[in-house]
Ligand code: FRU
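Next up: just one chain, as structure tokens, the form predicted on its own.
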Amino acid sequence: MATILAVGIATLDIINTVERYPSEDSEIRAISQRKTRGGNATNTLTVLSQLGHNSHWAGTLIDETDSQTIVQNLAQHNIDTSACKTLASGKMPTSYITHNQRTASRTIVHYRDCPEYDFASFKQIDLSRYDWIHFEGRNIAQTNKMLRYLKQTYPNISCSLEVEKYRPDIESLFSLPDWLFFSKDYAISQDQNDAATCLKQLTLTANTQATCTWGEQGAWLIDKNQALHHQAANNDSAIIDTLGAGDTFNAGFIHSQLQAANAQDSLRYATRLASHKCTQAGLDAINHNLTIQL
């Protein structure tokens, strides 16, 4: 299988499951609570590792107890952290997640005192060992430098960019990766009410293709010929937990591309894998009892 690097953040997630989302200024008892490692880049690597890939994470760690929990969890999923940088002070990003059992929605309050991973650290990595490099769409100025450096020094390494939310000047990154993975949240932030409109309004380079996920409606793809494709979500099973579904989609798409699948088959595979994830809590055993033909 392939060797993959993902650049982004890892978080400590504290997830409270409630029967219904509380109204403001009220008190509600949680049905259950679990504490786990989160973060988009590391979630994607967790799925890719289970799909058989050699997974590496480049991000920032703080020398504190929460980092130990995060690193231990990554080690359990065979994710290499040797490209990370560790700082003496600060606080690892922490997400307080309210999971509504009734609707399977999740509401997140996020806190961090942790600098972003920088270009200087990225430049020290031996990139020649990787088959694919995946970036979170954050830390825009530094990520721009990373993507440009990658394309200048290793133009044959495939790369992708997740665009989960709007950040100032994030559009400056869109011409640099091979694949753009847009979310429903980003599209709505741009006053676009459907995935097809989001993708049609993009100005893409000849070598860049893009997807946009839209929850229960599935996902859309715009290919090199500017043709739109849609894959419906599999809604046959009850939705249990949507947290990490987008990260699972990204992992499924990267995995299928590394198997030399065409873009439409990758869209189908990634959408079905993300649909399956929504039928279980967490990302462990993501491909258990699951068969998807590429």
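Every value quoted in this text rests on a predicted model; they were computed, and no experiment measured them. From 1 onward, residues are counted along the sequence shown.
One more form of this protein exists, namely the form predicted together with this ligand; it is left out here, but the text below deals with it.
task = Select, from the options 31-39, 59-67, 233-241, 256-264, the stretch whose residues sit within 4.5 angstroms of this ligand in the predicted bound form by heavy atom distance.
result = Single hit among the candidates: 31-39.
This ligand contact in the predicted bound form: Asn139, any heavy atom under 4.5 Å = Output for Asn139 is no: heavy atoms all beyond 4.5 Å of this ligand.
query = With a 4.5 Å heavy atom cut-off, would you call Ser275 a contact of this ligand in the predicted bound form?
reply = Result no; Ser275 lies far from this ligand in the predicted bound form.
query = Does the 4.5 Å heavy atom contact test between Ile97 and this ligand in the predicted bound form come out positive?
reply = Heavy-atom contact with this ligand at 4.5 Å: present for Ile97.
key: Exercise: Ile108 in contact with this ligand in the predicted bound form, heavy atom 4.5 Å   = Yes, Ile108 sits close enough to this ligand in the predicted bound form that at least one of its heavy atoms falls within 4.5 Å.
key: Residue among Lys165, Lys151, His77, Lys85 with a heavy atom within 4.5 Å of this ligand in the predicted bound form   = Of the listed residues, the single hit is Lys165.
ask   = What are the residues of 9-43, in order along the chain, with a heavy atom within 4.5 Å of this ligand in the predicted bound form?
value = Stretch hits, in order: Ile9, Thr11, Asp13, Gly38, Gly39, Asn40, Asn43.
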